[in-house]
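To begin, one chain is listed below as C-alpha cells, in the form predicted on its own.
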C-alpha cells in the first residue's frame, strides 16, 4: 500500500496536530474530516477536500482506511466502535475512554473486526525520550530505580475537560494520563506490572485549589510501585502557571537522566513587545521566553502518527505502549489512583 487515506473526526486542537503530522508524510492523504463545527476552517487550512457533519456518513466511504479520533474524551468509545464496525483502523487520542468498561469494549470490538486500535501516547515517540531510552539500554545509568514524570499547566479552556463525567476525571486523567502511560511503557512493557498505587488529589469544584468551576480535580499526584521493585511518581495539575511543563527524571544505580520536553528549546528570546507564540499554555509571551522549534515533532506527534500509518501500510501490530491494551492499562491505573485518594489508603493489584 503506497498511500493510506485518512478521515479525521474532530476539528480543533488535536485534529490540527494530526493534520500537521500527516501532511509531513508522503504515504498519507487526508481525504475527509467530520465535525459539528469549525469544518471550513480546518478543511481550508489543510486542503481537505470533503467535510461531513455526521461521522457515520464519512465512515461509509470505502476509500478511507484509517480514522483519527480527535474529539472530547466521552466520545471516544462510540466513534472508535463505529469506525471499527465500518472496517476502519483507528488512532484514538488519550485517554482511551472515560470508563474501564468502555475501554475493554473498544478493544474487544476491534479484535472481533480485525481492525487495529492504536493509542496515541506521543511520549513514546518523543525524540528526547527515545534518546534517553537508548542511554538506558546501553547501561549508561545502571539499573533503573525511580522515575518522576509530570504534565502540568494552568488549566483547560475546554468545557468538556472541565466536566468530570465527560472527561472521566480532572487534571490527573486529562494530563496525568501521559506520564502514567509512558511509565507503563518505560518500566512495564507488559511484563512488569504496577502492583501498588497511592494517589492524592483535590476534590473538584469548591475543593479545588484554583479552578472552582471544574467538576474534577485541579491537582493530582501519585506514587506507584512496579513488581520488579521500581518506584515512580506522577503528577498532573492545572495549577502551574507559565506554560505547559512536561518533565521526566530517571534515576539509576549509576546515573541520572533529566528530560525537559516543553522548556527544552535551544532558543532564548527576550522581547519587549512580545512574540506571537512560544510554547503551549503560556499566559503571555513578553520578556524572556524559550520559543519551541518544532513543538509537534518534539512532543512526539509526528513520528507517532508516521508509525501508525506504517502499521496500516505494512500490517504491523502496534507495540505495547501505543496499543489498545496499554491505553486500557493506563486508564485502569488512573482509576486506581482515584480509588486510593477516595479511601485514603494505598491500593494493591496488578495493572499493565
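As the structure is a prediction and not an experimental result, all values here were calculated from the model. Positions refer to the first chain, counted from 1.
In what follows, reference is made to the form predicted in complex with a small molecule, a form of this protein that is not presented.
Just one of 183, 71, 261, 194 comes within 4.5 Å of the small molecule in the predicted complex, counting any heavy atom, and that one is 71. Of the residues 35, 58, 30, 312, just one reaches the small molecule in the predicted complex with a heavy atom at 4.5 Å or closer; this is 35. By the 4.5 Å heavy atom rule, the three marked residues 163, 211 and 240 all fail to count as contacting the small molecule in the predicted complex. Across the options 248-256, 138-146, 229-237, 94-102, residues that bring heavy atoms within 4.5 Å of the small molecule in the predicted complex belong to 94-102. At a distance threshold of 4.5 angstroms between non-hydrogen atoms, residue 157 is in contact with the small molecule in the predicted complex. When contacts are judged by a 4.5 Å heavy atom cut-off, residue 110 does not count as touching the small molecule in the predicted complex. Using a 4.5 angstroms limit between non-hydrogen atoms, residue 88 is distant from the small molecule in the predicted complex. Taking non-hydrogen atoms only, residue 120 approaches the small molecule to within 4.5 angstroms in the predicted complex.
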